[in-house]
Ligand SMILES: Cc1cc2nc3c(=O)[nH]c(=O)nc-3n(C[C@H](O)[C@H](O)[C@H](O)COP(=O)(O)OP(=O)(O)OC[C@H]3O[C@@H](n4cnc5c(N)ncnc54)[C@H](O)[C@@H]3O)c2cc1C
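Single chain ahead, written as structure tokens, the form predicted on its own.
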């Protein structure tokens, strides 16, 4: 097969579809083709938010992201903000609802609603989607670009790279986009790693025996020198392999990054978020005849409360007044600053996003066009931007995809 096109978008994920819609709307007369290597489109959209698709968050700012400079991220987010996102999806027939956490989901509670609306919008914008058409190489030519795969060749004036990162490789994002970007002159951050990933503990760790228990908890990240680097407080899930849940997923990228630079980096958990060791110590001293089990069960599930007592070496049925100072200190430490001997993470197959990628300082932020390869645009997860759990990564996809789309459309 040989074709010519004005614009070729590589990748039909959230950012690629968004770029296609807005490129087609900006100039309906342009020939625009989206290529994707997956047999089934939109796999990441369909599995996100437990199959409900967490489209965005009601409050998005640059502080929810890591990677490139926050000022650079802010400039792109401003191009297509949350109200514009809500209105865009309403126009597509997808009304969004806000949950207590601030997350915005389709009122249908179905990710299929979101994907179908995007695909219909692509078709209405007169944009073709061809799949499975995996792109092997992209070469810069005098007139634009030559895109090749086993299916043949397409010559295009402009290319948008929206290939994603390496997370959920079964969806088609296997990191090949980084190689394409490098072949066109871009550098990639030295450390590419999973973000929003569950963390693993030794198989015989007591937390693994508490699989299924979910509680609010605070995770603290400490440097080797003992400086607190960052904290996250949210729902925390004990699993057979270690820990998961929003707090764990959010802190995972910071833990993995810090551990890469400083092997002495450590993670601790406070099972009573908002309560300091000093506060708990005072409360234990004031218990008198009340037992430790009764005190802890006020805040924690009974099984967790009993297990924490056992780990601290104290009987959960002990009345408060009988606690020795040593026992009290041991329990306080176990409950409010328990060291977590993290053995690793569950990898790209379970990570929701990839940390690292093409630095934003290599792009014109008002267009997402490459500074090193004119005519090339980048958007979505291939950029060195990753957000917290809660719709922030989708908002980056909508904003950067919109910016690339209207720019290449012009």
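These numbers were taken from a predicted model, which means no experiment stands behind them. Numbering follows the first chain given and starts at 1.
From this point on, the text means the form predicted in complex with this ligand, which you will not see here.
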Choose from 23 to 31, 48 to 56, 359 to 367, 337 to 345 the stretch whose residues reach within 4.5 Å of this ligand in the predicted bound form, heavy atoms counted.
48 to 56
Within a 4.5 Å heavy atom cut-off, is residue 281 in contact with this ligand in the predicted bound form?
no
Can you work out whether residue 133 and this ligand are in contact in the predicted bound form, taking contact to mean some heavy atom pair no more than 4.5 Å apart?
yes
Check whether residue 38 has any heavy atom within 4.5 Å of a heavy atom of this ligand in the predicted bound form, and answer yes or no.
yes
Evaluate residue 12 for contact with this ligand in the predicted bound form, applying a 4.5 angstroms cut-off between non-hydrogen atoms, and reply yes or no.
yes
Contacting member of 174, 155, 234, 220, with respect to this ligand in the predicted bound form [4.5 Å, heavy atom]:
174
This ligand in the predicted bound form - contacting residues of 389 to 405, heavy atom within 4.5 Å:
391, 392, 393, 394, 397
